[in-house]
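In structure tokens, the next block holds one chain alone, the form predicted on its own.
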Amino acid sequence: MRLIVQNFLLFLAALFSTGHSLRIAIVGEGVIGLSTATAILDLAEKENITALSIEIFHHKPFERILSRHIAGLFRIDSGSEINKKYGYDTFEKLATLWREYGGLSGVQLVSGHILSDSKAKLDAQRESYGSLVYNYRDLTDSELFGPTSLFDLPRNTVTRGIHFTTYTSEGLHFCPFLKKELISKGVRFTQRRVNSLDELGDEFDVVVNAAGLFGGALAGDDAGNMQPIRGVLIRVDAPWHKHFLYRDFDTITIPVIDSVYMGTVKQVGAYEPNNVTFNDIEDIASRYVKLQPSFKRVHMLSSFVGYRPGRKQIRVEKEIRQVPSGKQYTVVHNYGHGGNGFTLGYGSAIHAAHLVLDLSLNAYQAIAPQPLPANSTLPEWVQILDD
């Protein structure tokens, strides 16, 4: 502990003795890049660190990136200890934004239900986040079965269900809110394609890799550990629908501030077709209408196909690199969130911010997973999807 404090004091002394501001570049304008910048500033304020500057690089307009089209229901897929830590920190941030800004932040308080034929899957939900969200409980028989129930399921079914209250952080509103806040604090945004982290190493002291699906390729040593997970969401006009509803985690509706998201497909490893097909819409609609027949009458507002950044575990790691000129710079990776970017993003960003600012890692040392072996194999999908 004493060594960590000494190193941190030396780090601060070096900054102030030279009058040098810590120059930080972040690659990626999605929810992870924006959350990382937010977390760095949050921690810097807490630790009284003022000598820093942040610039975020992105090469696609916001309308074309995955984060723009996500409903962002808080629910943890994998209940590993590190994910629980990330989830707790994210939930705390969402609760703070909800209390201070309400829906103006893109955060919305919403209740709903998950149905499944698998008791083990429902038990895993309780283990992963049941003590974190609000009002978590099992659905009763009177809520599941019979003509006065919510779902009128046949009594001979093995289907069970849970209820809880949580937050959504819809990308359409949440990301612009974060960006506006960052700009007001002096963060710069630059539209530019970054093909190598070394491109930024000459100019910046720290480069954060928050490039999502392409984070592994940008890192240069991890492309083979990444895989796209094709997903489709349909945005519909259903103003009466106020509760989220999941059936076995792939047939879903999530109400947000001014619409309802209906989905989805989870096609692991798929990178085509890169548009929403008639079969996608028919498949999703037919599955969901069986749950709620009223949705046969909804009007479709828009649809979107996106590719979640699949990886066995989120990569939050730090390394020192050297550019051809001989200058050394720090790289901090923060990518590979799968379908949990909005649920775990601020939490992993806090972890990454500790690495950026050389703060204590005591909260992570016992629960952080071992890094995956390097795999620099460049899959075919990288060239196809990187437009």
Partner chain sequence: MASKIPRIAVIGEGVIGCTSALQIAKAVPQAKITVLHDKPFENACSAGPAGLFRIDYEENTEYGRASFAWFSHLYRTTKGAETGVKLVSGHIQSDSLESLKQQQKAYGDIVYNFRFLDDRERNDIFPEPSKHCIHYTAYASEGNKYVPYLKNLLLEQKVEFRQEEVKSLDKVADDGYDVIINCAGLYGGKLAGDDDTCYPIRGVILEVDAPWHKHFNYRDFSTFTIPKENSVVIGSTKQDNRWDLEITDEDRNDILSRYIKLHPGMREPKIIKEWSALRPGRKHIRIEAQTRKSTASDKEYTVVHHYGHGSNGFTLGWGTALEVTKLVKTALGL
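This structure is a prediction, so every number in the text was calculated from the model and none was measured. Numbering follows the first chain given and starts at 1.
Below, we refer to the form predicted together with the partner chain, which is not included among the displayed structures.
Asks: Could you tell me which one of K84, H113, R230, R235 places a heavy atom within 4.5 Å of the partner chain in the predicted bound form?
Replies: None of the others qualify; the residue that does is H113.
Asks: Please pick, from V187, A285, L150, L122, the one residue with any non-hydrogen atom lying within 4.5 angstroms of the partner chain in the predicted bound form.
Replies: After the contact test, the surviving option is L150.
Asks: Based on heavy atom distances of at most 4.5 Å to the partner chain in the predicted bound form, which listed stretch, 221-229, 198-206, 310-318, 129-137, is the contact stretch?
Replies: The contacting stretch here is 129-137.
Asks: Within 4.5 Å, heavy atoms only: does F249 come near the partner chain in the predicted bound form?
Replies: No, no contact at 4.5 Å.
Asks: Hey, in the predicted bound form, is W240 touching the partner chain, heavy atoms inside 4.5 Å?
Replies: Flag for W240 set to yes.
Asks: Classify P273 as contacting or not contacting the partner chain in the predicted bound form by the rule of any non-hydrogen atom within 4.5 angstroms, answering yes or no.
Replies: Output for P273 is no: heavy atoms all beyond 4.5 Å of the partner chain.
Asks: I'd like to check something about H163: if you look in the predicted bound form, is any of its heavy atoms closer than or equal to 4.5 Å to a heavy atom of the partner chain?
Replies: H163 belongs to the contact set for the partner chain.
Asks: Along 100-123, which positions have a non-hydrogen atom within 4.5 Å of the partner chain in the predicted bound form?
Replies: Read in sequence order, the residues that approach the partner chain (within 4.5 Å, in the predicted bound form) are E100, Y101, G102, G103, Q108, L109, V110, S111, H113.
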